[in-house]
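As structure tokens, one chain now follows by itself in the form predicted on its own.
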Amino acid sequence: MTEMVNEQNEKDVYVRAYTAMVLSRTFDKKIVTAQRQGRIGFYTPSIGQEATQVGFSMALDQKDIIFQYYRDVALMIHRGVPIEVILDQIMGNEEDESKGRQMPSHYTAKKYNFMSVQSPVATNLPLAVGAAYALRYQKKDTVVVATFGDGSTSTPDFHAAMNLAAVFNLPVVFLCENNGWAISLPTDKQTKVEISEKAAAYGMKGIKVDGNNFIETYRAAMDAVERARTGKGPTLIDAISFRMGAHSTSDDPSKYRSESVEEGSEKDPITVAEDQLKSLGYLNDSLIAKIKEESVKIVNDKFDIQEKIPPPEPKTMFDDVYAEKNWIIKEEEDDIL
């Protein structure tokens, strides 16, 4: 009986993970199309990184805190952030938590423990380490996660964060979503060693995983999160994936790369997940078609609703500058409004 219950639990967990991956892929396609139609200004797709993000998310508790980067839509969806919250930020409408003050793809979702995305790469890493230090001081068993691309590992902030986290044995997991490119610069022009090997220089564990395989990523993340939560220190995970599209909607990858990974190919992480779950008996063609059809309806319906929400009122620009408005803010507010 126990085995039957566990098998059912695993099926539910894995099918939910697959559904989040499909929903993220559908979302990406919709937003890229909308950008080309002039309906939004900018977007950073996560196509090809769904398995890395969802596999990692599966290992986390809701109380854990994420200092994410701008390509983590699948991670947000799997952790329960509503599609409309993500759309509000991209559209910068009056329901956007940051009140339209950030670039699109610079998400924040405080209720779900997602901190605000920083524009300069890797600046979220020292913030994550600082938060981990504070949480340990408060004797909480919360794990802090920092996600970033391979280009971030070439920055001083990466090295400072890794060193500090290791020296103080902090409960941090560093997740490098290694898609092979830092905009137009390939990984082999950024580093002479595997990114996972850099962990040894700081005295922490480094793990290299197939980021296109959500089950493999999940198992590696479970190990890293357990280490952090039980006081065994930080871990660096190097999840190897493919950037299946452009760096952003402002990028033309045909100018600097010739190879590509096509949707539906054997390297597509969603194809990999379908093959895995079919072999386990958890998915079949009928259920796959149903999940994809429902994802399209969800994304289209949410987009149509959120697109009608107006931008924030101009007067909101004076809110939240300080806890209480000082005379300078009040004077500027009076002059403009």
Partner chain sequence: MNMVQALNSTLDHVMSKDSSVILLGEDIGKDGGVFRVTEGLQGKYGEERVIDTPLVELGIVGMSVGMSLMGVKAIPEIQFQDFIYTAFDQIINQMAKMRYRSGGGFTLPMVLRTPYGGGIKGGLYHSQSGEAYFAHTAGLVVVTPSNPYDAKGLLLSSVESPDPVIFLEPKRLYRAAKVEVPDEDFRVRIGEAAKPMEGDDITVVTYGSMVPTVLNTMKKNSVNADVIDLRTLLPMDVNAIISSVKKTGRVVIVHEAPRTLGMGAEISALISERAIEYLYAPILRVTGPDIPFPYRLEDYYMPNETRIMKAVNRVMEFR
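So that the term is clear: the rigid core is the largest set of C-alpha atoms that superpose within 1.5 Å between two forms. None of the values given here were measured: they were computed from a predicted structure. Numbering follows the first chain given and starts at 1.
If you look for the form predicted together with its partner chain, you will not find it shown, but the lines that follow are about it.
Only one of 95-103, 239-247, 171-179, 69-77 lies within 4.5 Å of its partner chain in the model of the complex by heavy atoms, and it is 95-103. Interface membership of residue 196, defined by any non-hydrogen atom within 4.5 Å of its partner chain in the model of the complex, is ruled out.
Of the heavy atoms in residue 206, none are within 4.5 Å of its partner chain in the model of the complex. Put simply, residue 334 is far from its partner chain in the model of the complex: not one heavy atom of it is within 4.5 Å. At a distance threshold of 4.5 angstroms between non-hydrogen atoms, residue 156 is in contact with its partner chain in the model of the complex. Contact residues in stretch 91-127 (any heavy atom within 4.5 Å of its partner chain, taken in the model of the complex) are 97, 98, 99, 101, 102, 108, 110, 114, 115, 116, 117, 118, 120, 123, 124, 126, 127. With the core held fixed, residue 16 shows a CA shift below 2 Å between the shown form and the other one.
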